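Below you will find one chain, with nothing else, as structure tokens; this is the form predicted alone, and questions on how it binds or moves follow later.
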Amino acid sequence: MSRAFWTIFRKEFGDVFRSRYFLVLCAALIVVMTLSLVISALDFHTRLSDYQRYVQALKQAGGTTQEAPPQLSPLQQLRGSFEYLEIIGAILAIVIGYGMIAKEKYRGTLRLLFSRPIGLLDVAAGKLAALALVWLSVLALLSLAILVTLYFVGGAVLSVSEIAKLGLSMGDAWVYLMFWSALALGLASFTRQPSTALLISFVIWLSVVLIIPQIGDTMDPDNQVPGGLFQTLQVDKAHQHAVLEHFSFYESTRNALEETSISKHFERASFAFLGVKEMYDRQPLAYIWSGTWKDTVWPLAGAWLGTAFALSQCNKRNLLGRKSK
């Protein structure tokens, strides 16, 4: 890597962590995710206490219960936290990626920047590398907050396998956030007005993160009743598949729609590693990977395309030729 690349990389990384705006938004994301975990952990302990009181009262009355006590699955308690990361994290990633170009345009520093001997990809690569390290640092801090919260509030110490699953979920999150940052950086470089890039980014975010997944969830008949339609009706797996076979075209359409959303793929992969989906709870990594590898590959492909788009657009011709007036 050239000297210009390292100079841009160090400057951009330092600028992000000197930005009060970024620090406030990042702190808010971590607090929201941690609070979601705290609420989930406290809810579990409440349900366990209720069960123990129920069993004690039943014993005093001379009865017994066949109902099993609530089982602690620490990673499952992260469902709400990762839903916040999926939605709010994407917004933060867009703002940071867009800001790396917008600040240069608004300050009028682009001509000064390109007056130096800079390689064709030095600017784009330096900014993208800084974004990659920023998100790696944020997710490492978030992982530490999760482990501390699980230990002190949830009373859980993760096993080596659970730590590996949490790490893979965070790896998926890193790829997901890089996609949004790279996309916003590329759009900010391509458009003449930075505000236009921000608007386009949020339209894409609204479609991919909210509209398409919501349509898919609405089309899923099992989601129409709280707790799941099949579970409420006590329909076993074999009969669930038999029922769904009558709606094969409907299910294919719903799945095809959800396949277009990188957010849905991220959700599926992370929920599988966290055991939120019951069929993957406490299962070995090889089994989880065999059933969800496509949901990791698609976000990787999206991040690669977003990075390629940013590299192709963040150049001297675009940044100076489309400079806002």
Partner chain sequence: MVSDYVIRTKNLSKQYGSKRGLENVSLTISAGEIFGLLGHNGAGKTTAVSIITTLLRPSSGTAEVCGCDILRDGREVRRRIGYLPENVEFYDALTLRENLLYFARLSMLSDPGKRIAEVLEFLDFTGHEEDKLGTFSKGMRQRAGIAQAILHRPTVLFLDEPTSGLDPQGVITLRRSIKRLNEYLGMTVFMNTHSLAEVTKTCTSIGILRDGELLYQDSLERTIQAFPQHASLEDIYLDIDAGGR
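Numbering follows the first chain given and starts at 1. Nothing here was measured: the structure is a model prediction, and the numbers come from that model.
There is another form of the same protein, the form predicted together with its partner chain; it is not shown, and what comes next is about it.
Checklist entry - Looking at D172, E104, E86, E162, which is the one with a non-hydrogen atom within 4.5 Å of its partner chain in the model of the complex? => result None of the other options qualify; the answer is E104.
Next on the checklist: If we define contact as a non-hydrogen atom of the residue within 4.5 angstroms of the partner, is G155 a contact of its partner chain in the model of the complex?
Outcome noted: Taking the distances in the model of the complex, the answer for G155 is no, it never comes within 4.5 Å of its partner chain.
Item to check | Exercise: L113 in contact with its partner chain in the model of the complex, heavy atom 4.5 Å | outcome: Taking the distances in the model of the complex, the answer for L113 is yes, it comes within 4.5 Å of its partner chain.
Checklist entry - Within a 4.5 Å heavy atom cut-off, is T109 in contact with its partner chain in the model of the complex? => result Yes - in the model of the complex, heavy atoms of T109 and its partner chain come within 4.5 Å of each other.
Checklist entry - Is I118 a contact residue for its partner chain in the model of the complex, using a 4.5 Å heavy atom cut-off? => result I118: contacts its partner chain in the model of the complex.
Next on the checklist: Counting any heavy atom within 4.5 Å as contact, can you tell me which stretch out of 141-149, 118-126, 87-95, 173-181 lines its partner chain in the model of the complex?
Outcome noted: It is the stretch 118-126.
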